[in-house]
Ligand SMILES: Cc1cc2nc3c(=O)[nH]c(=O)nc-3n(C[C@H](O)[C@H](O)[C@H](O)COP(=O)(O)O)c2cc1C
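Take a look at this single chain in structure tokens; it is the form predicted on its own.
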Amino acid sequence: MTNETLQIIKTRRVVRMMTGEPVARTNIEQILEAARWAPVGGNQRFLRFVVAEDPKLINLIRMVSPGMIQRPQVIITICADWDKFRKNKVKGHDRSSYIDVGTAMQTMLLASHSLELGSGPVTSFNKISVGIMLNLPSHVTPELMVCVGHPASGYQMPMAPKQKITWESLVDWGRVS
């Protein structure tokens, strides 16, 4: 791959080992600006992003997040504003909200990597506890967290499945036989 964007996509990894070095506010702002450009269903922007930088708050969040292996310097929580979702007349069975969370997450992960930062998603956490810790109103729920920090030197999350996965092994052309 020679295209810079495709190279960023191909080399991005989940980073679980991070240093204690602070993340510059400008980098976090760039990640959030990138997330603003993530595709959303029907252009209905109902996601909110809550940034936690305070070490005490991050430690509290980690206590109720068994999936948070890394020790991030920043946690960006992707939240859903359900009042805004309903106000925009999105039907209750519409699953686009979950797709929107996923596209925001992936955009943040790619933006982090392009800034030479490490990042990783966390979905295993107590939503009620995190909502209380972040002082979220009842109509706003935390859906996913993105941990951000500087990758520990020499550490890279392995991407070695038991058998080689190629794009061809994942694709069927036309109808599946």
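Counting begins at 1, following the sequence as shown. Quick caveat, the model's predicted, so the values are computed rather than measured.
There is another form of the same protein, the form predicted together with this ligand; it is not shown, and what comes next is about it.
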Give me the residue from N135, N59, S124, T26 that has a heavy atom within 4.5 Å of this ligand in the model of the complex. S124
Find the only residue in V130, M108, L144, V140 having a heavy atom within 4.5 Å of this ligand in the model of the complex. L144
Residue-level contact is defined here as any heavy atom of the residue lying within 4.5 Å of this ligand in the model of the complex; does M17 satisfy this criterion? no
If we define contact as a non-hydrogen atom of the residue within 4.5 angstroms of the partner, is G67 a contact of this ligand in the model of the complex? yes
